[in-house]
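Before any questions on how it binds or moves, here is one chain, the form predicted on its own, in structure tokens.
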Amino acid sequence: MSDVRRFAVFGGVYNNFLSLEATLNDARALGCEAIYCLGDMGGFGPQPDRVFPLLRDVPDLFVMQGNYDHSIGNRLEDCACGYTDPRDNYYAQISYDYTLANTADAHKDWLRDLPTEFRHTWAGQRVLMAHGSPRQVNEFLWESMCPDAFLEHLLKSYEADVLFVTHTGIPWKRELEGGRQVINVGAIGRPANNGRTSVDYALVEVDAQGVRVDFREVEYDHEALAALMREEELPEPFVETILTGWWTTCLEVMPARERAAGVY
């Protein structure tokens, strides 16, 4: 019997029930004993209620509240995503209004009551999972804007050796001194602005040597999702992102290095 334990960690479902199903199937096929969703079930994609049968009342699946879930669950006026640019907020509001109008009340209540963090001890290391960051649910932890000293301070302040977050939509990881790590798991609801139509999640392996994290690429039927988005009359720039792998909206919040990696 293998001494390696496997876990899956992902975030940013964004109403993409097709990528969610593909991610869950991949994680289970790899023998993950537990799967963690770090929040933001809604936004961007079509037919929000189709994600909840895959997430609710599943024994091996643990779901956290993101800023989007807090807003939808409490029937607020916007997603509290943390955008400041008018163009970012314009498209974010379209997504939010659509998701709020098309999410059943029973699912809104479930989102309202979700936990806001997870803590574990894996291989003697203190593991903390948050949405944006431990200090603010909608904080963007971009790779280019997170020097090692800042990440060390964050881990020390919140008593963690390994930190998992999401919210930015672009995956990255950083190994620090003493085996400490910070991992942004990205999002499975839309591509990572990399020209690929696939999505990514974090595959975690734990054994006596410690905690190892790699990103796992998942393909799904993105063309079917795009067709549903058009049926729902969601903005064509959203559809373009799904079909091309390049972000067309919510770009102004990105730092220069991350934005330069895209085409817009």
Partner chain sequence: MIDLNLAIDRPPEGPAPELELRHLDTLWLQVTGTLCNLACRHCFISCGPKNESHPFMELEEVRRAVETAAAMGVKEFYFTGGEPFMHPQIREMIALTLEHGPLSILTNGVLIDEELAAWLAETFHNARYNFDVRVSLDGTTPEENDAIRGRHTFEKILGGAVRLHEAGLNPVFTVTTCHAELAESAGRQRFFDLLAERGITRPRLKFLAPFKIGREERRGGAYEDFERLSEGMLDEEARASLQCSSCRMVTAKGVYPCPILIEEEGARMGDTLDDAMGPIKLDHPACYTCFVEGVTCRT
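Residue numbers count along the first chain shown, from 1. The shown structure was predicted, so the numbers you read here are calculated from the model rather than taken from an experiment.
One more form of this protein should be noted, the form predicted in complex with its partner chain, which is absent from this view; the next part is about it.
For L76, no non-hydrogen atom is located within 4.5 Å of its partner chain in the predicted complex, even though that partner is not displayed. Although the partner is absent from this view, G124 stays clear of its partner chain in the predicted complex, with no non-hydrogen atom inside 4.5 angstroms.
Contact check for D148: a non-hydrogen atom falls within 4.5 Å of its partner chain in the predicted complex. Interface membership of S144, defined by any non-hydrogen atom within 4.5 Å of its partner chain in the predicted complex, is confirmed. Here the chain stands by itself, but in the predicted complex one stretch of 6-14, 238-246, 251-259, 19-27, 251-259, has heavy atoms within 4.5 Å of its partner chain. Contact annotation: of the candidates Y98, F118, W110, F140, the single residue with a non-hydrogen atom within 4.5 angstroms of its partner chain in the predicted complex is F140. For the marked spot (R56, Y90 and R230), a heavy atom within 4.5 Å of its partner chain in the predicted complex is absent from each of the three residues. For the stretch 165-182, the set of residues having any non-hydrogen atom within 4.5 angstroms of its partner chain in the predicted complex comprises only R174.
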